[in-house]
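The form predicted alone is given below as one chain in structure tokens.
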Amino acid sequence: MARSLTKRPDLVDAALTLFMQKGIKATTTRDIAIRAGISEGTIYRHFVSKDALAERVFEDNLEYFWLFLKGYLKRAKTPQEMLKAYVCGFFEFSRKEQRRYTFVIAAHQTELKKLSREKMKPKQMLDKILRIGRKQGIFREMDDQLAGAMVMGTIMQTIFYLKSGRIAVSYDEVVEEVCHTCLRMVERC
């Protein structure tokens, strides 16, 4: 019976699960191999190191997140519609793709901080929306990093409080309020 040449999907899925549970540093290649049902050597047929595997898991999930957000922006025409679509997409990704969202956000803020700063596509997408809004005179002049930090901080902190059960209003009300708040932060007075 021919042996499967690749167990890469199982390997990547096992790594994602363990990285979320234990963190990247605390997860060993042995842990990943056991979880994936493969030999430890199989990992090294696909990746030169555990760090390379962690980077690939991060990049794949970041790309998935970016494409998810991009889908929300398809019909948006104005900068206000774009920002609202971005906020809605961010919330929906956190709800529908909880494992991916949790990993991307945690890795972005912890072990893969340096790598993620260079590749944070959702942040670059937000920066572009804000630039378009400023060029059209709809959004006020503001430092790019400050504007992006304010919007993303509002979204991410609200998602955190929503997921932890600290917000008692409905999901739809929360998303609507965050959209409204983010627009107020960047629109001209």
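As the structure is a prediction and not an experimental result, all values here were calculated from the model. Heads up: residue numbers just count along the shown sequence, starting at 1.
The form predicted in complex with another copy of the chain exists for this protein as well; it is not shown, and the discussion that follows is about that form.
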Answer option from 33, 69, 130, 152, heavy atom within 4.5 Å of another copy of the chain in the predicted complex: 152
Contact label in the predicted complex: residue 49 to another copy of the chain, heavy atom within 4.5 Å: no
Another copy of the chain contact in the predicted complex: residue 18, any heavy atom under 4.5 Å: no
Another copy of the chain contact at residue 174 in the predicted complex, heavy atom, 4.5 Å: yes
4.5 Å heavy atom contact, residue 145 to another copy of the chain in the predicted complex: yes
Within 4.5 Å of another copy of the chain in the predicted complex: residues from 11 to 25 (heavy atom criterion): 25
